[in-house]
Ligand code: GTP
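Next comes just one chain, in structure tokens: the form predicted on its own.
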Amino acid sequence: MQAVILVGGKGTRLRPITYHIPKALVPLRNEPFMSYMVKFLRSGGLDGAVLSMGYLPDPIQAYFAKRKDLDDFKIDYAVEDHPLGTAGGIKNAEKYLKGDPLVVVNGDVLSGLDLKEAIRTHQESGAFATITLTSVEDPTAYGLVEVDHEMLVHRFIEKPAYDEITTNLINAGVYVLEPGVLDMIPKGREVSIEREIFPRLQEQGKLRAYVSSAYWRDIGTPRSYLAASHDALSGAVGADENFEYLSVDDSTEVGKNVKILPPVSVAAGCRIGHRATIGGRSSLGYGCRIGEGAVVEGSILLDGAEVEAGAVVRGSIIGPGARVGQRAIVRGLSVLGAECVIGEGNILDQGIRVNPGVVLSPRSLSF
């Protein structure tokens, strides 16, 4: 069985990081997200995938070209010349498919779903299409999916108000489809599987659901990306004990849930993901530099990022090659693009986003 991975989107909610890095390659625990996706599909017994691509396809193809462990997992690429939407992207991958049932996965979903069980349930039910569902605490932020006692999808409710909530089940972004679903998708134009194809299948009584209580997170926003990073570092998903630690002097505190991709330079007196800090788990990419007395907590530093002496980075994402100047503070879900510079003494808070290459002048502050 093959999969289609939908990675054609621009990742606009994660900008400015995704101006240079496709969302499919943002790192979790210093491992590109696509690595987790391949592991997930292999866990379901799949033998290959077609990547339905549009935005920044070259870095994704380059990543897979370097992988030497995929001889038993075939990768093909279907690149759009214009946006085709989720269903259009599946249709665009059709020439690489074998005419068998297939799995479709949104390319920004981190899941602990038992994929083998979902496929087995689909096959045993005789469903034409199966949509996986998961429950959430705040249903108002999502489109909801109602099901009946036989797991037939009853209706879709788009981002309801509190008094309209009848379920807390949402689309988990993993589908098992019979090949006939492809015949329902027009070729060459933008088509949404969520808004056009699934409602038609539901009306025809051909859409079933598989409900999972396993780990699930959409990594498409700074908040959810940071949360996924924390979960990966803590072992809640994609458990891996091969954490790497720095050799540092006694004045530097490095928490137990810190992932570091050497070589990294950490000066004396730093605090990095200190274990006493709630949400303090951090990852530092290749070539990062942390200056004397700096603090990095609950954050992601991509390759080559620099945090100068006395600076503080909390709960934020620092893009590749970006620099946080001395005594500057970056916190509160702020996101720095590639190669930008935050001058000495600046304070960035409340989700501030700085585009790639921007330089903020030093600011005089009293500490």
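Each residue number is its position in the shown sequence, starting from 1. Bear in mind that the values here come from a model prediction, so they are computed numbers and not experimental data.
Keep in mind that the form predicted in complex with the named molecule is missing from the display, and what follows is about it.
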(message) Suppose contact means a heavy atom within 4.5 Å; in the model of the complex, does that hold for all of V7, M53 and L84 with the named molecule?
(response) yes
(request) Heavy atom within 4.5 Å of the named molecule in the model of the complex: which of N106, T121, Q202, S212 fits that? Just give me the one. (result) N106
(request) Identify which of E178, D231, E80, E297 has a heavy atom within 4.5 Å of the named molecule in the model of the complex; exactly one of them does. (result) E80
(request) Report the stretch among 136-144, 163-171, 149-157, 86-94 that approaches the named molecule in the model of the complex to within 4.5 Å, counting heavy atoms only. (result) 86-94
(message) Test of understanding: in the model of the complex, would G11 fall inside 4.5 Å of the named molecule by heavy atoms?
(response) yes
(message) Within 4.5 Å of the named molecule in the model of the complex, counting any non-hydrogen atom, which residues from 15-32 show up?
(response) K23
